[in-house]
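Listed next as structure tokens is one chain, alone, in the form predicted alone.
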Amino acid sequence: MKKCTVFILAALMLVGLMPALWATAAEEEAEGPVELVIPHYKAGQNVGGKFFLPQVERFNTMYEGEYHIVIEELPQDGYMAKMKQLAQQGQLPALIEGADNQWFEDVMIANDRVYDLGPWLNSHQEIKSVLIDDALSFNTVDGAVVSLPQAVTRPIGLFYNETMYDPGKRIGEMTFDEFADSLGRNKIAFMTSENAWTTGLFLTGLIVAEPGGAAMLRAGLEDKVYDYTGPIWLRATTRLQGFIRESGSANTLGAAYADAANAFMSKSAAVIANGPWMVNDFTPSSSDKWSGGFNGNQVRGDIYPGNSAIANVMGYRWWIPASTPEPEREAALAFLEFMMQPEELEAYMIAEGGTAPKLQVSQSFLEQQAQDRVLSDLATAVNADTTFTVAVYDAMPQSIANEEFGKLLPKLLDGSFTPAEFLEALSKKAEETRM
């Protein structure tokens, strides 16, 4: 009887425990990996997705069962507007890349709405040690590190087709007058639609060639430039108008980025201003974009006349909202740590170009880099005397850089505006953004 009673009591206890055991198992099964949904423009057909999306998949594989990132595609032009909207709604994702500086500083940083990465970096000296000093300094606000500083910089310069154009010497060693003479009848792939990206980059080179131009653009990072009527802007814009009229590709008026890229990769233009990410378009896997006898192995790279290159390390990159719950924050930090691994930094530089000045790169990286002639061109074009600067887009208010510059540029091309009138109209639009 005693044994029977013990069995009965044990059975009753087990029955009583079963719901709790089932609940615990269900909770563990329901938890699964921490999932981060990151809205981002580096998706779909966006050129930035070519490296970023596979990188996300590598992270998901490494942390399978623990963390999982899902990229939600957003258009690039509307990315930051969407982040601002989500901030107002209190629904920001765990990771955001980049920011409208003024909004980020006045709304997010000023109100302690950004997670401080400083303690995390201090506990990860292998990451902190490779960060570019100027980038770390810029991102340190009142002792807090508000976004992950850059370890890699990718100087933006020029690409040219050596079967069409023989500069005779490095373009970076020329003046702009010498460059114009060497160009002859060859064309440059300008654009006047969207944000007029390739044209704005070329204008940047012209501004930096003017005394005081580089310092003026750098100052625009801290205090945006709203008045473009000064002598530096006027001289550079006058020269830009001359280059567009004399050397602009036939499709320049109304050309979007795809049109400018097509002009270069169909041999309708011999030169294009763009960043090292375009190198992907010169590989055989992108040959469907080629026409007119173009081949990626015809391309060479260089920086701008006057020995200048565009490289902005003083910007906000990946950041985490302070409101992010701890599990999601840990997943976000794990992704940042993953991206900063030497293997990932090297893979990034092989895929999109650039240099990590404080990273001890592997021999394998050096061998791979040497295999890509264009990346090697860009890496060796800079020297101790090269002037690095930000682009005109970094110095302008966001709406001027992304919209108004491109909207007004056709009037400079067709003669509706003189350079002075163009700059006055652009300045008026900039002033309106202050209101």
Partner chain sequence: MKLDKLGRKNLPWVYLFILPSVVVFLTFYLLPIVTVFVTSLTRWDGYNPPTFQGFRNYSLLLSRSVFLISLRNLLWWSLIAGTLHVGFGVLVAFLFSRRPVGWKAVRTVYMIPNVISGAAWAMIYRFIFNNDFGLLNGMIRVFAPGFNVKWLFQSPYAFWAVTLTWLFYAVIITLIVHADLMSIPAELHEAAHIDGATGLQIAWRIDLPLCRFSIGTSVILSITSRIAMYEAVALTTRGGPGDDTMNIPIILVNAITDMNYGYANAAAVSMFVLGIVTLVLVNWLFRMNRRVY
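Since this is a predicted model, take the numbers as computed values, not measurements. Numbering follows the first chain given and starts at 1.
Another form exists, predicted together with its partner chain; not displayed. Remarks below refer to it.
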Checklist line | residue 130 within 4.5 Å of its partner chain in the predicted complex, heavy atoms | finding: no
Margin query: How about residue 379 - does it come within 4.5 Å of its partner chain in the predicted complex, if we only consider non-hydrogen atoms?
Written below: no
Note to self: With the partner left out here, check for me: in the predicted complex, does some heavy atom of residue 253 sit within 4.5 Å of its partner chain?
What the structure shows: yes
Next item on the list: With heavy atoms only and a cut-off of 4.5 Å, decide whether residue 87 touches its partner chain in the predicted complex.
Entry: yes
Notebook entry, point to check: Can you pick the stretch from 406-414, 57-65, 368-376, 388-396 whose heavy atoms fall within 4.5 Å of its partner chain in the predicted complex?
Noted result: 406-414
Next item on the list: Name the single residue among 180, 107, 215, 347 that comes within 4.5 Å of its partner chain in the predicted complex, judging by heavy atoms.
Entry: 107
Next item on the list: Sort through 136, 81, 361, 221 and report the residue having a heavy atom within 4.5 Å of its partner chain in the predicted complex.
Entry: 81
Notebook entry, point to check: What residues in 194-208 sit within 4.5 Å of its partner chain in the predicted complex, counting heavy atoms only?
Noted result: 194
